[in-house]
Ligand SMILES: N[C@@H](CCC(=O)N[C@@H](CS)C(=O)NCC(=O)O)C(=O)O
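Form predicted alone, single chain, as structure tokens, below.
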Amino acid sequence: MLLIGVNRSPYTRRVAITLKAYGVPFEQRDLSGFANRAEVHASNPLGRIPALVLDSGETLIDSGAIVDHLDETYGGDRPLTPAKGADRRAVMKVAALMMGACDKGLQAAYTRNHTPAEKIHQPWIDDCNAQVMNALTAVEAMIDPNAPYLVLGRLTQADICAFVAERLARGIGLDTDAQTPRLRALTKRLLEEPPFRSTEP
């Protein structure tokens, strides 16, 4: 199995952590959607990472679709995203908030880093960053500081998505230590676990 993408991408790292959590052996090709566009296009017509090439040769794209396949194939009776009911909805809600925060954070970063200075609209960047922080704050309110994980008392995609979103937020300059201290404490604890530590870029 081959994972294509760099772990600086929250989407690629989400998949890498999931693979590690399930104990699935894989190789990784560290390709960037910017620096290695032609090579990435060969696996994903959108030119985006991640892509996951299965042992059969089939290529999956989009982190959400990849994680869904991994849950179905390797999750057994305790997938990282529960199969149905209230537990599934609880995990999916956090995942949606956190991956949406990643989308907005990267929009702000791309605007700042890939737009001519005279065309940058700072209010747009500020609004994206505010949306990121609003999402992080909503998840912050769900955290029991005495619980090891966000929901269900075990590792789920809620934790993985919160982890990659909080890391991205710090990467774009948001102060999660001050604004979302419980979330920051959770991600520090998660970083001690092998699937998180071993995928650190």
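Sequential numbering from 1, following the sequence displayed. Fair warning: this is a prediction, and the values are worked out from it, not measured in the lab.
Keep in mind that the form predicted in complex with this ligand is missing from the display, and what follows is about it.
Comparing 159-167, 144-152, 47-55, 129-137 against this ligand in the predicted complex, the single stretch with non-hydrogen atoms within 4.5 angstroms of it is 47-55.
For S9, a non-hydrogen atom is located within 4.5 Å of this ligand in the predicted complex, even though that partner is not displayed. Interface membership of L106, defined by any non-hydrogen atom within 4.5 Å of this ligand in the predicted complex, is confirmed. Residue contact check for H41: none of its heavy atoms lie within 4.5 Å of this ligand in the predicted complex. Although the partner is absent here, D30 sits far enough away that none of its heavy atoms falls within 4.5 Å of this ligand in the predicted complex. Heavy atoms of no residue among F26, R197 and E200 are located within 4.5 Å of this ligand in the predicted complex.
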